[in-house]
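Single chain ahead, by itself, as structure tokens, in the form predicted alone.
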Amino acid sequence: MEHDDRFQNVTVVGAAGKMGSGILLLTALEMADQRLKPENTDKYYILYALDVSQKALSGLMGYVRSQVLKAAEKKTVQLRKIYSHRRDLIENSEIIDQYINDVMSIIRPVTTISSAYESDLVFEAASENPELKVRILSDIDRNNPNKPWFFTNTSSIPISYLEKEAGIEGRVLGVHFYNPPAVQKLVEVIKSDKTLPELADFASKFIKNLRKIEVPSNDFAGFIGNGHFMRDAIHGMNVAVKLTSEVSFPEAVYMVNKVSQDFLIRPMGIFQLIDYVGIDVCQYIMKVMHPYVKDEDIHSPLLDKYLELGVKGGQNSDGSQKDGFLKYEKGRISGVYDPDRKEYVPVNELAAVCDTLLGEPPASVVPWKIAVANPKKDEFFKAYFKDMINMDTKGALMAKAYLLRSKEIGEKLVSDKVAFSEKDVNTVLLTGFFHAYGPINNYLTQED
């Protein structure tokens, strides 16, 4: 079956979710582009958007339409060539409207899994639950005579486990889009020992067509992205707990978050990143990883404690941030949760004391947005961290320990053969997490 033919009947499972909606959008655009090729005009393309909630699916269609409009506006020149045979389409607005109609006409919102029983390709974007994913994959495969190929968006579950338990060995591939899929450039691709070569080749072509960056990971729980992030998060939380021998817990969280963002020049502090992903999601990923990791404890009692208190983080349906370790007002951090008092302590009650205890970062420090746009980033960070090497303020000492631990985590992913190379680890953190520099670097071991 050719690449174009595999895209004639596709299902996205969990289409109305945070990840599924983006995957559906990207798939719809790819299918429409295939359909509009002159050699494919007589072929019939259908994309099932499968989810349990009809209300959520209704909202999904509005989201997809608005995003297709944006995509069409960006490639009007290309669309003019595609529709050059249509003499009735003259104005750009007419061409854009036609493209939107062509994309939307492919999508069928459905709530019954039987819709996937004729698909040749199935994207599974259900929640990160091994049993749920196995149940979905096995149900579709058992009732689908076409021996479909499966893409699973799992961020941590071994592909070998899913394919064995679902009875689809060789026909499932880990295709881990990062959030949000429509924006993020990174796609982690995970093969098992039995993955069909033609399935992996198909995925690579699809990812290339989407103009995204493919990074391979070996089939080990957590893969590269969460393999690094979960350990990085555990380090940050452990540092905060240790700091409570000197300061209050809210002060400790504030200090670790500030160091991991401002001193390390990252887009988010570690506690803000945990909140963004979701405290419950992080705990679940750690539970998935834990049985497979023999030489370290992938677990955080602090996450358990916060969930027992009902503090989860994550996003609201409109994309705004829910309160977690930190409180957010209009997108800004305004407080830190005190689990003993069960309330948020305003940042303005913490900042003065904590900032004094931390001290200042090197004078050459700049915000992440400026650093990431610097065409000579490597030279900048070499100079910045060289300035930090001989500093002994609490903030500098914490930052240096954090940077070395991040490097150690990255190097271990390579030595444990989770990642194929140091470059792959750095690419995942640079592209998937928007870091300005990779964790595997020599910034703190420079010679004069």
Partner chain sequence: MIAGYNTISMGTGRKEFNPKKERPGLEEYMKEAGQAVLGQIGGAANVDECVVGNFIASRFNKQANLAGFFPYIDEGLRYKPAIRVEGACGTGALALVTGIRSILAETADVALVVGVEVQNTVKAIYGADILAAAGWFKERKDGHAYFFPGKFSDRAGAYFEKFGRDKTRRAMARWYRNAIENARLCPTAQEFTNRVEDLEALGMTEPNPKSFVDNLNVYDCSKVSDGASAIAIVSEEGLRRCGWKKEDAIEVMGFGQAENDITAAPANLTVLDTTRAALGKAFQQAGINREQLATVECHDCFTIAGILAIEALGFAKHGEGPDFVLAGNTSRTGVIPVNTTGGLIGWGHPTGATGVHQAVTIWEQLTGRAGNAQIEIHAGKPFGLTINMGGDDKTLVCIVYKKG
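Residue numbers count along the first chain shown, from 1. Worth saying up front: this structure is predicted, and the values here are computed from it rather than measured.
Although it is not shown, the form predicted in complex with its partner chain is what the next lines describe.
Under a 4.5 angstroms non-hydrogen atom cutoff, its partner chain in the model of the complex lacks Phe220 among its neighbouring residues.
At a distance threshold of 4.5 angstroms between non-hydrogen atoms, Tyr83 is in contact with its partner chain in the model of the complex. Mapping the unseen interface onto this chain, Ile96 counts among the residues with a heavy atom inside 4.5 Å of its partner chain in the model of the complex. Although the partner is absent from this view, Asn238 stays clear of its partner chain in the model of the complex, with no non-hydrogen atom inside 4.5 angstroms. Site annotation in the model of the complex: the residue of Val183, Ala363, Ala352, Val77 reaching within 4.5 Å of its partner chain with a heavy atom is Val77.
Of the residues Glu343, Glu73, Glu198, Glu165, just one reaches its partner chain in the model of the complex with a heavy atom at 4.5 Å or closer; this is Glu73. By the 4.5 Å heavy atom rule, the three marked residues Ala125, Ser127 and Leu173 all fail to count as contacting its partner chain in the model of the complex. Note that among 129-137, 86-94, 226-234, 262-270, the stretch whose heavy atoms approach its partner chain to within 4.5 Å in the model of the complex is 86-94.
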